[in-house]
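In the form predicted on its own, a lone chain appears below as structure tokens.
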């Protein structure tokens, strides 16, 4: 009888303990369930209606870092979320990044392409999804998905470079005197080199035809003087060969048409290593990169074309804002830029020639750089 009573008592206690355990476990489970419910809400803004995808080609050049950060800051100040990606100068990487932007619900894409002819397939996806595409700085070719183009007047960039060489050498008053010139431009996959180079040659070609300008290396054609990825080391290597073959005997080099600062820096590095003449040639450039500013100030580079990326970002943000609000983006050119499928409505910002005489006004007083950055 005692054993029976003990068993009944034990069973009763077990049931009581089990009954107490259930309410204790329930509150512990509730926060976990709430956390799972909250997690998707926390991620939702990444696919929200105000998300803008910004694809830049590389971080290897200073200007693309500036462009990307200016764009991101101004878009965020306007109230948009930004997915900013750099493609490491790898086309497949940039394509993958744009695919992810589309999948994540970006409502507008701003793309500075690595190769203007290599985005047709991924941009067809954007068009199918109804996502407007703004080509940024570099025109995207052979795609009817490109809605707008934001850039600088790149023909004017080239003409400013050509005019600077013409005036610095006083070619119109040269008489029988001749001047030696060499040429270097950028990546053949960048459609802008056509405008930079052809704009400059529209000024310089008559002097080449007349024999006032002479190119000792014979390297004048755009395809020959192009530089993959606008790389400084490639520019330097090519110019070291040019100097060794054509200028080692003391022949003066009077001018170098360089389409941008990274290629100009390669030329200047080559000159510093092996050029024996005390007088540096007139060297052009573009972008006012920090890396060349000391050379410009000290006379090793004669000029650079200043393209204020803050202004370009501002105009691009205005385009994005208009598209987001269902209105027409601002443009000021509807006749120049044909990407192979038709004229792309464009906004062209104006470039400015920068020299030792006006760099402080353009760069320092405007807040683009501090003096400490460029010294």
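Positions refer to the first chain, counted from 1. No experiment lies behind these values; they were computed from the predicted model shown.
From this point on, the text means the form predicted in complex with beta-D-glucopyranose (BGC), which you will not see here.
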Among 158 to 166, 216 to 224, 124 to 132, 283 to 291, the region lying within 4.5 Å of beta-D-glucopyranose (BGC) in the predicted complex by heavy atom distance
283 to 291
Taking any heavy atom pair closer than or equal to 4.5 Å as contact, tell me whether residue 137 reaches beta-D-glucopyranose (BGC) in the predicted complex.
yes
Heavy atom of residue 190 within 4.5 Å of beta-D-glucopyranose (BGC) in the predicted complex:
yes
Please determine whether residue 301 contacts beta-D-glucopyranose (BGC) in the predicted complex, using a 4.5 Å cut-off between heavy atoms.
no
Just checking whether residue 313 would be counted as a contact of beta-D-glucopyranose (BGC) in the predicted complex - the rule being heavy atoms within 4.5 angstroms.
no
Please state whether all three residues 141, 143 and 337 have a non-hydrogen atom within 4.5 angstroms of beta-D-glucopyranose (BGC) in the predicted complex.
no
Mind listing which residues of 218 to 242 have a heavy atom within 4.5 Å of beta-D-glucopyranose (BGC) in the predicted complex?
230
